[in-house]
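We begin with a single chain expressed as structure tokens, specifically the form predicted alone.
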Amino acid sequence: MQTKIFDRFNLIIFISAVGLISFGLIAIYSATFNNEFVSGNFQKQLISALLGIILVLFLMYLPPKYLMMSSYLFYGFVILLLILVLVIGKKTKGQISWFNIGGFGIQPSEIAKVATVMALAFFLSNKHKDTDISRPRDFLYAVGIVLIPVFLIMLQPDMGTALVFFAIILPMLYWAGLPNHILFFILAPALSAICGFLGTWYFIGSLILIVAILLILKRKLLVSSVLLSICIITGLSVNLFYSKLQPYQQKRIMSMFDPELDPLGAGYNVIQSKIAIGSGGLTGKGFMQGTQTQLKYIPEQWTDFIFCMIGEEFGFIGSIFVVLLFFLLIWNTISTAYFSKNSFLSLCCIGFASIITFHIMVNLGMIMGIMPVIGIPLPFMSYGVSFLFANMIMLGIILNAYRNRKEYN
């Protein structure tokens, strides 16, 4: 009987998520203790977590056909919310991205990530329409599903959240059967742009690599020449694009390479986060004993910089344990996608794994000073009602995919 239960319930995924939520609650409590302005954040997050678990169980037992049938409806509803928030939303720190309902901040852009994955998964798995992602029409339709919410989120403006959507596209399209050469044609200009920003020799090296791969792929000379030209133009124009960014955005990017350039501005959070994590040592200073945390050196550390508290108060061991929980969650999600015979749920798992992975890489990169500070929270841990609910919806659908992994759609 016990074996039968666990055959349809992935305990590792569930425990990993609950463990991350628990760590997040501990960190939020410590980070907001004796801070009268955010004293209610812990209670809000705790209530949201308990309600979220109920939502997870509901979604896990929901028949997959209802998830599929509601995908476009859910997507349309979220698009409507993204439009409404621009009209009647609450403006915070220069962004119009929130609804204030009953003391809770609701951010539609967080839910939009889930809705977009579901809509894209439904389109790519819709056998009745005979979707072929290698056809230009179907490819553009799929990309359009992602770009619509991106456009609305950029109007808020919220570049950090918008970037998450670009992390969804390629993994899901590749999982749906996008040919390797098309994937390379998309990634090559991005590679040349990054290397062009880093310096001349990096740029030259990227072009040599791109030419080598084109020779291996044996594509037509005209196609290869066009791609190489695009890469050259992209690499040369990246600095022009950089010059068009807002001064604060430029400072954030440059402080990634050297936080000391603006120690009291763009580099401040990074410097303080490094001090917090480094001072934690092997076992940490102990719960609520972190100086950086308790003396509030890091602004709003219960959101994007919550991992600093883990590193300072629980040390290297606590930090590695959190990273291990994330690894187990992502690995088992991808494994569920691989074994799932339901193409819709399989694609959803890949989309959700991509979102979680992108959030982790960028968030931890920000804290370690190897990526710019762009406001990307840590899944299941950072404070945020909308963000947590979006994570719980993803968790519920992932567990649904595991439960129904032997059933075809």
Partner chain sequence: MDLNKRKNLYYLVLFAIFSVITLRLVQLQIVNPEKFDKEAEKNSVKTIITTPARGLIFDRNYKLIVDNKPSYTVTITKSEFDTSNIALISSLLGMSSEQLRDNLRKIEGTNRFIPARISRDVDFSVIAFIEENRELIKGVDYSIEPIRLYPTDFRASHIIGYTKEISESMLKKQSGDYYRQGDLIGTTGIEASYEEYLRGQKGYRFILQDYRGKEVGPLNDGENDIKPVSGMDLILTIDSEVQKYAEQLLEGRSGGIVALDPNNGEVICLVSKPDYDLNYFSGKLSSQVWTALNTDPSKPLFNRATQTRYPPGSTYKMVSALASLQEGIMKPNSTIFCGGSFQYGDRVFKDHGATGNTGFITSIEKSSNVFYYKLVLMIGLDNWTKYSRMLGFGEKTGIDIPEETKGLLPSTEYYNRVYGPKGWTQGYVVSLGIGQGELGVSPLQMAVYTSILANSGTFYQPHLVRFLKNPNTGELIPVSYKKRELPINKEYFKIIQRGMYLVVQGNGTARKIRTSMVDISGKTGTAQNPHGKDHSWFIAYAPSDDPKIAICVMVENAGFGAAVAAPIAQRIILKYLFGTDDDSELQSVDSD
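Values in this document were obtained by computation on a predicted structure and should not be read as measured data. Numbering follows the first chain given and starts at 1.
Another form, the form predicted in complex with the partner chain, is not on view; read the next lines as being about it.
Contact with the partner chain in the predicted bound form, defined as any heavy atom within 4.5 Å, is confined among 315 to 323, 189 to 197, 204 to 212, 138 to 146 to 315 to 323.
Among heavy atoms of residue 282, some come within 4.5 Å of the partner chain in the predicted bound form. At a distance threshold of 4.5 angstroms between non-hydrogen atoms, residue 369 is in contact with the partner chain in the predicted bound form. Among heavy atoms of residue 277, some come within 4.5 Å of the partner chain in the predicted bound form. Of the heavy atoms in residue 177, some are within 4.5 Å of the partner chain in the predicted bound form. Highlighted residues 272, 291 and 360: every one comes within 4.5 Å of the partner chain in the predicted bound form, counting any heavy atom. A single residue from the set 56, 376, 350, 28 has any heavy atom within 4.5 angstroms of the partner chain in the predicted bound form; that residue is 350. Among the residues 151, 338, 287, 241, the one placing a heavy atom within 4.5 Å of the partner chain in the predicted bound form is 338. If you take 215 to 237 and check each residue for a heavy atom within 4.5 Å of the partner chain in the predicted bound form, you get nothing at all.
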